[in-house]
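Heads up, the chain below is alone and in the form predicted alone; it's given as structure tokens.
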Amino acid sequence: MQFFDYVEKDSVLHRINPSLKLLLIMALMFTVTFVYDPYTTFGFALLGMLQLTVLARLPVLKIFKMMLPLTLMLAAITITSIIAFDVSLEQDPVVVLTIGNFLISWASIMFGLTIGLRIFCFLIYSIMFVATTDPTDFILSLILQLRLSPKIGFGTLAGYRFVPLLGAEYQNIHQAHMIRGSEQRQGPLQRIKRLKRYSVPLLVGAIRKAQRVAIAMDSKGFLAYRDRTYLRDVRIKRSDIFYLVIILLTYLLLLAILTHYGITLWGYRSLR
């Protein structure tokens, strides 16, 4: 399972309107952006994990497999944020560790954890949207609910559908070269050279596929009529509104409790 995979299931999150789900996730991410304490960001991440496991019914092991490719980058950003924090600007720094010329204070650790957990939170909600949203339903929802142009919407969907096809075509080219005995050496440099050799046939194949799709859409009268009909009926249901209200109330309650006890910090200067 890869990071950008849609997992086909019949769950609560899979049935939520894609546009409504997208707007809700964007609002949650926007809120987390202005929070500068690790406790609130951890709370948001934990609620996201609960939604993935309970409402989307995705196993925890599969979720971590989807996040695994970005784990090292997440750890590197956290450590870099801790080291790069300017301790000299603190009024009364509590130095925890000294590494050469770098001073690591309690505030720098909190800052690094906040940045790391914020990215972790973004990662969880990105997986939540991608894994529970059918791409076709998403494009139709953008067109029907958010009034996106069908030309842009279906063009984006066609491009999205090309991604796995290009991956399969890359494997076909690679196997054809192996049959001819031209793929003997291994290593990073050989992979770069191989990608350069494969780029031309991949580009030619992508152009041919795009031409075929364009001809097929024109032959079927795409955009010939002002009003369109759609095979799938994507609309906002009462269950979607109920989910939106419950989730918003849950997150607002979490923020209210943490703010009441002085745990939630808003703004970068609150760390100093």
Partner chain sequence: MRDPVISIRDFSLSYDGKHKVLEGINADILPSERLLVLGPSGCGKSSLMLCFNGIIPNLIDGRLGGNLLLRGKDICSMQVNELTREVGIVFQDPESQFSMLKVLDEVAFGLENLAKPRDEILAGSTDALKNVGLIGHADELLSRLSGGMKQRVAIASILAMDQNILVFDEPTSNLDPEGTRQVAGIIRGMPRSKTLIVIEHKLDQFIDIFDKILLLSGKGSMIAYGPTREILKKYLKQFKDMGIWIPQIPRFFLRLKEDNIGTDSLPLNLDQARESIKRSKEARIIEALDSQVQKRIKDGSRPKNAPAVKVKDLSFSFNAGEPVLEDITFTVGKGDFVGLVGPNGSGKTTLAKLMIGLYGLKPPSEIDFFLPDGKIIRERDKISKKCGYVFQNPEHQFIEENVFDELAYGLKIAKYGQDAIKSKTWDMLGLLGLKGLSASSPFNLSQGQKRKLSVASILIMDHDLLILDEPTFGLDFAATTMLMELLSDYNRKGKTIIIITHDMNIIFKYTSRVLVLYKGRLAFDRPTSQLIDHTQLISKASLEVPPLIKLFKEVGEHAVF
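Computed from a predicted structure; not experimentally measured. Residue numbers count along the first chain shown, from 1.
Below, we refer to the form predicted together with the partner chain, which is not included among the displayed structures.
Enquirer: Just checking whether R57 would be counted as a contact of the partner chain in the predicted complex - the rule being heavy atoms within 4.5 angstroms.
Expert: Result no; R57 lies far from the partner chain in the predicted complex.
Enquirer: Is L157 close enough to the partner chain in the predicted complex to count, meaning some heavy atom within 4.5 Å?
Expert: Heavy-atom contact with the partner chain at 4.5 Å: present for L157.
Enquirer: Is the gap between K237 and the partner chain in the predicted complex 4.5 Å or less for some heavy atom pair?
Expert: Contact check for K237: no, nothing within 4.5 Å of the partner chain in the predicted complex.
Enquirer: Quick one: does I215 come within 4.5 Å of the partner chain in the predicted complex, counting heavy atoms only?
Expert: Yes, I215 sits close enough to the partner chain in the predicted complex that at least one of its heavy atoms falls within 4.5 Å.
Enquirer: In terms of non-hydrogen atoms within 4.5 angstroms, which of the given stretches 101 to 109, 164 to 172, 114 to 122, 72 to 80 touches the partner chain in the predicted complex?
Expert: One stretch meets the cut-off, namely 164 to 172.
Enquirer: Just give me the single entry in L97, V200, L189, L146 that has a non-hydrogen atom within 4.5 angstroms of the partner chain in the predicted complex.
Expert: Only one listed residue qualifies here, and that residue is V200.
Enquirer: Among F242, F30, F64, F222, which has any heavy atom within 4.5 Å of the partner chain in the predicted complex?
Expert: Residue within 4.5 Å of the partner: F222.
Enquirer: Quick one: name the residues from 114 to 141 with any non-hydrogen atom within 4.5 angstroms of the partner chain in the predicted complex.
Expert: In sequence order, D134, P135, T136 come within 4.5 Å of the partner.
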